[in-house]
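Two versions of one and the same chain are coming, encoded as structure tokens; call them structure 1 and structure 2.
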Structure 1
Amino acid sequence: MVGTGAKKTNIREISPIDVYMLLPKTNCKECGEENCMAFATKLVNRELRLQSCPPLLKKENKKVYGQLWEMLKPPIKEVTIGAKDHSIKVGGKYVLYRHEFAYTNPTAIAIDVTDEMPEEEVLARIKRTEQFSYEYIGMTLKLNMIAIRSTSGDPYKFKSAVKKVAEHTRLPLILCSFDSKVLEAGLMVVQNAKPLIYAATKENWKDMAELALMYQCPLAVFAPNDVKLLRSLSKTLTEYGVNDLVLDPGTLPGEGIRDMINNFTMIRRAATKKGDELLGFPLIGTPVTAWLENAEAPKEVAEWNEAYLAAILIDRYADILILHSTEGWVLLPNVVLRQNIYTDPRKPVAVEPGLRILGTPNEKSPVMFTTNFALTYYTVASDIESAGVDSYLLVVDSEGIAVDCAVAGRKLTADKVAEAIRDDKMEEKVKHRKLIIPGKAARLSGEIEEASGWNVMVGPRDSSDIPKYLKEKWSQAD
């Protein structure tokens, strides 16, 4: 069990008063807040950082700054991988459940290459990793790292592979081998790149620790399905001086999935709920092991197994994943899942209100509106563009809530729609006075007409019907 021998101190919730008592209490407003109490509240909510308070940065306040840092630091240490200009941060989590507080530093996804792959295959995999990009509700979803695995066990081959990869990408690297001599050969090529070294075990921990200290790299610790050993290794390595660790409790396909889920969950629970600092490090999962489980299975089976392992691990607190497949159907669902989990549950995903011009509309073009809930906006805008009709789209501030919910909760009102029409000077842009409203806002049609003076046309309830609606209704209205 994770709790065996673990530090049992419960983490007390920090109140703004706790923080305020350590602040300078000058109410100088240099942080941008009205007073120190407001600043303390935002510190506790992680909306501001300690560095935002200039008086705290003075030499005489060094001790107080350290006290506040200890009070506010996350239970999961934040670890930086890669050189300064091309680095990625992992970990830094504060809570077990995302509804308690937003997760930070989305799971970094690495695609692997090996030192036995032909050069053209290595370069192709790097290119596919770097070029993977998907636009999702206003955000660009990408992959993050390259993992170089030594399958040959040959230091010379590994050194050559690392050199080849480093020459063709600036993405952060993971160097993978249980042989310290192999890893050192690779590290010599990328001395200043600060890759993640994977991995220390109970057999090789001292040699790996020496490498981590010599090259100032973070170090992964591997103890498959043995959390007690993993914690022991963490203790040994931190006492040895290696402070940037990443923990791997083992990715266990097939019948081992239950143990894998339990291990990842219990480690994160021990750190966030019990304050066990020896387990308070980022977690790494290796769905790539799905390809080793049954070497005779068809490629599609391995890809499917890897895809669902990755999804499980993203959901179960993994901060880094190493994958093999570069197929879109494997990667896309997981980067979307990652983005959904790492959004702030306290804030709706919203876009800026205002006028959007789709195509090259003129004075006879249709005028429509939607809310500023990001998913609604991007769906509606896409459906309008697919209609091939140049249009004006008013994005009305609904506090990031979808149309039907915003209408029901009075976050979307006739007055707000009328105000948007006036603010964006729509009467100067079109000669007609016709406004197409979402079908789910039909109940507001009379109120909108009265508030704005425009004639309302009730559009479809589902935006996928907009192309048909514009073709049949707008041409007639025109």
Structure 2
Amino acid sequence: MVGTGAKKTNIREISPIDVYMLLPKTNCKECGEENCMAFATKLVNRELRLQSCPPLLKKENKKVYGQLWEMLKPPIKEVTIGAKDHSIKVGGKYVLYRHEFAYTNPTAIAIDVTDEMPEEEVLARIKRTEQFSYEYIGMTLKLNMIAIRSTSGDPYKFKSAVKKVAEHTRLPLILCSFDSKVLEAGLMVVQNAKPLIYAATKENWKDMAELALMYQCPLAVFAPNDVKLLRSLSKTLTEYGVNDLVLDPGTLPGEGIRDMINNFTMIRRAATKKGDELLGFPLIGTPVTAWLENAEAPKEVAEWNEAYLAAILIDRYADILILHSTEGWVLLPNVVLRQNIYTDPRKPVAVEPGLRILGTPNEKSPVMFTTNFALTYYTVASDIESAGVDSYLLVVDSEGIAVDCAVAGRKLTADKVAEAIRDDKMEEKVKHRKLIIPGKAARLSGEIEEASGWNVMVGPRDSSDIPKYLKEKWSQAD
């Protein structure tokens, strides 16, 4: 029964009705929705937040606000790192599996520097981290944070390193030392930057807790391969008054992969499925530990190990990662994987309909079409590019549905195809009147010819055959 702040750990158990019952039910539309029920639905889908309801923020609704917050809060606490305009949110996960809802707050990736690195190297690594960028299905994939490690153990060196870094970047920071004196020296120069403090251990937890409270920073807890200790420290630190924790059960390379996967999985399962609040915090992984193994091996081996360790942790629930390598081949698969895993599985991924120019086509070049389902579009475009044939590709609006389903569901029709030919003025761009259509849209051939007046050539069912098809059929048709 609702109304008592009864805890529901599974987001799918909360219905819009549960939420609606607690809302002011004024239907005032101040939130921008038609009525309170519509607002409740968006709250449950996490499309709007409680703060969007002005009446709810009034003093007399404080209690019910608290109940709603309790009901809707994610089992993994959302923790903010960094000062206001340059902060990043981590955690805030509602589910264990992405198909149950969607993952929130993509894994934040930090690159490390140390307090003993030459200044040029530190600055070069900051620059690389800030400028790293990869365009992928219409998005820019980026790195997120800088982690400063004290390898010197010297408070003065750490202080000056942190100062230097803070002068050169606004990226959120992670300050790393197990010595609270060293850490405090660094904290003093970035008082308002709210870095993540790494880390409290079973030895230093009290001093670190004091720092976290004094500087109002989130605090990481490190208990390598000891979930019981991690949980005990979490209990101790929350009792101490530190509310924003990040948990590190240890990133164990090599033979440790088994325990590492087991720990991350147990912790996230316990928090999301069993309601274990002591483990309901973001998880941090440190694939940089791959560099501690096998010191005599060439750096490529450490980079390789770090790259795949990071991927495993993105798959298995890490909310923050600290990496050492800045090589493109190490980082690229991981930022792409992160994008894939954190895509909202509830929404089909679509691209803008319209004409795409591939290469430098002329009036004799082939004209093809596909749907605006992002995956289909990017695959087809990539296949055409690999054929090395300059082409026109019409992206027809199928409401983000793949070709076969769109044909079956009448989201892709002959009229829409004819409209695309007209709207993009294809008759001015090419002299021929031949349209290559996807093999899976073959049954629309006749209708498309009728609606557009163009001749239809049925292309392959799989776009990977486009190069072969163009080679065989287009040269003949030309």
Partner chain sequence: MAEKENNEELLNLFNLLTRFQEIELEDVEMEIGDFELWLQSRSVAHTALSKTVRATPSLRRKPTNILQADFMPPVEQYPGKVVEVTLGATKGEGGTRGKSITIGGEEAPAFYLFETPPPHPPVISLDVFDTKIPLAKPVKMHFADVMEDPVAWAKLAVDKYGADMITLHLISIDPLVKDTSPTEAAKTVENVLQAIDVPIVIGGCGDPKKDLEVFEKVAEVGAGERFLLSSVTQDMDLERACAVAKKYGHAVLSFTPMDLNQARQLNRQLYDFLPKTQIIMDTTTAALGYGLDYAFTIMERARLAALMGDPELQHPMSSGTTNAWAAREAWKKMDPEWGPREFRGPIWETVTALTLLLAGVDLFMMMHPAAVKTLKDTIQRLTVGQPVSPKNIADWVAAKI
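Numbers follow structure 1, counted from its first residue as 1. Whichever C-alpha set is largest while still superposing within 1.5 Å between the two forms counts as the rigid core. No experiment lies behind these values; they were computed from the predicted model shown.
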Could you let me know which number goes with the form predicted in complex with its partner chain? 2
C-alpha of P366: shift of 2 angstroms or more between the two structures, rigid core aligned? yes
Exceeds or equals 2 Å, Cα of G275 between the two structures, core fit: no
Once you overlay the rigid core, does the Cα of E428 travel 2 Å or further between the two structures? yes
After fitting the core, how far does the CA of S464 move between the two structures, in Å? 8.1
What Cα shift, in Å, does G439 show between the two structures once the core is superposed? 5.3
Here the CA of C28, compared between the two structures on the core, is shifted in angstrom by 3.5
